[in-house]
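Single chain ahead, by itself, as structure tokens, in the form predicted on its own.
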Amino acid sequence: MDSRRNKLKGGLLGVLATLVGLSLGNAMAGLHHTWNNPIVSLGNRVVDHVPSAIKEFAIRTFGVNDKAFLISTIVIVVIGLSFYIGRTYFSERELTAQAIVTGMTVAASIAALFDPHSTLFSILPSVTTGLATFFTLRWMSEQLQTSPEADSGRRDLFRVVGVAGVATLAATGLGKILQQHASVQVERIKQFLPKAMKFLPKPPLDPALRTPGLSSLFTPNEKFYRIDTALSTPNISIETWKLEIDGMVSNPKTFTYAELMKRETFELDDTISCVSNEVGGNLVGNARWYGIRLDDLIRESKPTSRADQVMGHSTDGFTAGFPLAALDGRDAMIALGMNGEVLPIDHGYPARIIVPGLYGYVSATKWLTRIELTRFDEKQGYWIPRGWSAQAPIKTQSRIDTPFDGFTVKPGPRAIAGVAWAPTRGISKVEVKIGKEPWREATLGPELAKTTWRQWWIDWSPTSGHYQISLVSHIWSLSNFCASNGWDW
């Protein structure tokens, strides 16, 4: 029993020592905006090298929580190793434990060297974590030398745990102070969006206000889906940020944030959707974007005749390329605002690209720092070598918002309602079929633009039973089968 208890105590002390190391490593990462703590660096390499099928499975299964799942998995693995390290170290096999700590430190350091904008100094957070873990283990061991009195031994244990716990909390607090999130958030709050030179009319009354469960006309920023490759949100100050336009151009351009804000701005109502969004999924949203015309910036840079691709580069290393021919007047923009606010940090502050009608994996570069004119046969965006199509028009889709699949509702009058979208083509009609009943044409909500989704609904009075509900959405003489769901009442 004592042996088992000692192994458990050693394992828990190993976990605590690692937490001290990770907290100090995270604080070290806060000293420079391009440094990452070892958990994030390891996660970045997983994102880079995991097969596309697994990435798609993670997005389908966990949606906007895919990053949290990945980080949690890495943390669980690290804690498991830490528990083993502690058991080994306090079982008088210090060299074995030290070898494992060294191996983990080397792996995290190598991972850090492949982070965007990394230098040799980028390994410092990982090295700090490893050294702090090692010295914490040794300090614990020295403090917990066998005492002839049981009470004294327990007091020493409580003291060690208390000191290590305080050190972890202090290092965590220091890391938060050093991180730029707070300062960038304050900077963003101080910004304001001047009235667009080409503004849109005030939106009509939202049908969602009188149809419970129906998606709102515009998706609130805090509920807007986020799918990207950044495990930690980039912190970019507009004081140092700039946008470069180069590559196959005869007139390269560089803009500061202030210079972009001085240009002619306009508003765009546009629905964007993740290519991994399944039927009925929530990886889609509609927003009123504010920014400047991308067409104008590219034209002023004078692309050469060889260029056929516009590639956006993010500060986190992500790239996305779309056809130069897509700048055809569809109001592609460098977005600086979203739903009346300065662009949120999670959605790309200070600037991102929005191209109506194209999936984000080829166009919607967040935390934009560079636009490169290039060729498809010479360069590929992040997802293309991983087996994704270089041409990515958003497909026509519909979604049933209410009643939700699997929900039980009471018999009686209610609505079947949802949204349909086909950006740049527009939705002209949605038809609903309930079981074997004839197809019914749904009432459509307001059409803000052909780039946005349209709400739809029909009145319905179900009785007890099982129902199969099907949809067909039409895009001006064309139709597309979009969803089929069944529920029991």
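Keep in mind that what you see is a predicted model, and the values were worked out from it rather than measured. For every residue, the number given is its place in the sequence shown, counted from 1.
The discussion below concerns the form predicted in complex with a small molecule, not included here.
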property: Proximity of Tyr225 to the small molecule in the predicted complex, heavy atoms at 4.5 Å; result: yes
property: Contact flag, Thr229 vs the small molecule in the predicted complex, heavy atom cut 4.5 Å; result: yes
property: 4.5 Å heavy atom contact, Gly357 to the small molecule in the predicted complex; result: no
property: Residue contact check: Ala332 to the small molecule in the predicted complex, 4.5 Å heavy atom; result: no
property: Location of the small molecule contact in the predicted complex, chosen stretch of 116-124, 95-103, 271-279, 395-403 [non-hydrogen atom, 4.5 Å]; result: 271-279
property: Residue among Phe218, Tyr361, Phe134, Tyr290 with a heavy atom within 4.5 Å of the small molecule in the predicted complex; result: Tyr361
